[in-house]
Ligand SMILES: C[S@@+](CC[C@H](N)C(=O)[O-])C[C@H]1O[C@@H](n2cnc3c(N)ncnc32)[C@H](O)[C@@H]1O
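To begin, one chain is listed below as structure tokens, in the form predicted on its own.
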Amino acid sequence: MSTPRGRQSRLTTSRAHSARVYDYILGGKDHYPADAEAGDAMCRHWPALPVHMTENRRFMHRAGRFLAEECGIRQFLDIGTGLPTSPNLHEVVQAAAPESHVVYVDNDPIVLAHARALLQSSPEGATAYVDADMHNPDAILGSQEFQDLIDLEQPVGLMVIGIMHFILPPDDHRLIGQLLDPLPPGSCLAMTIGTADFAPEEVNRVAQEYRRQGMPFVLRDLASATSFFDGLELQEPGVTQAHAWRPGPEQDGVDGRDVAMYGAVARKP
């Protein structure tokens, strides 16, 4: 088992943080009053927000399982991990392939404090946590954890789940490109991308609340979301709302107006 390393970020509790707001809305306990205040305001704007966030996480579970079971991928890079909520990515993929390696990346001190919960690998596999920012791909790809666990001769599953709405243009495509470029053919990109296409008034109010709380936020239409996969081979069913991507019984009865996220998986040729 690896141990977390990297810079020790100063914890700021007086201002809401996206990972802790997410934790609060989904009923977790690792947040502060500023996060609860922000989460309550967002849910007043759009009461379906917990459904939306739940379906985003369920997409991650299905995409990870698909990559492990159907694509044969055995190593994963998870950008914007967030607070540990079981099942985490390594639990999903190691259930299918116990030898899988998972490198988690986040830059929130609270996530760093809980990193050990993310590092409970199967005996056959391995996990590690990198304290780094998506805006600095070199720090991620150059980290000792990445180099120890990821073999760039073998395909990698790049997971970018629930974070792109915090990455503003023109950095967004550049950063995805920098993360994908060193990965070998056969690697896959799994992403969710925030949109206001299905509940525009409510979701735009949530976006405004994020910005008011000091968190940059951008929403994308279908064409913009699809453009992240240019040059890659989209896997069926292509770019869909997150809950509609290879849905299972848990998605029965989910109202599309309650999910403001596109999701897709694509293969690097």
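Just so it is clear, the model here is predicted, and its values are computed rather than measured. Residues carry their position along the shown sequence, with the first being 1.
If you look for the form predicted in complex with this ligand, you will not find it shown, but the lines that follow are about it.
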* Could you tell me which one of 73, 134, 103, 191 places a heavy atom within 4.5 Å of this ligand in the model of the complex? => 134
* Would you mind picking the one in 127, 94, 187, 81 that has a heavy atom within 4.5 Å of this ligand in the model of the complex? => 81
* **in the model of the complex, segment of 148 to 156, 162 to 170, 95 to 103, 177 to 185 with a heavy atom within 4.5 Å of this ligand** => 162 to 170
* Non-hydrogen atom within 4.5 angstroms of this ligand in the model of the complex for each of 17, 108 and 111 -> yes
* Taking heavy atoms only, is residue 57 within 4.5 angstroms of this ligand in the model of the complex? -> yes
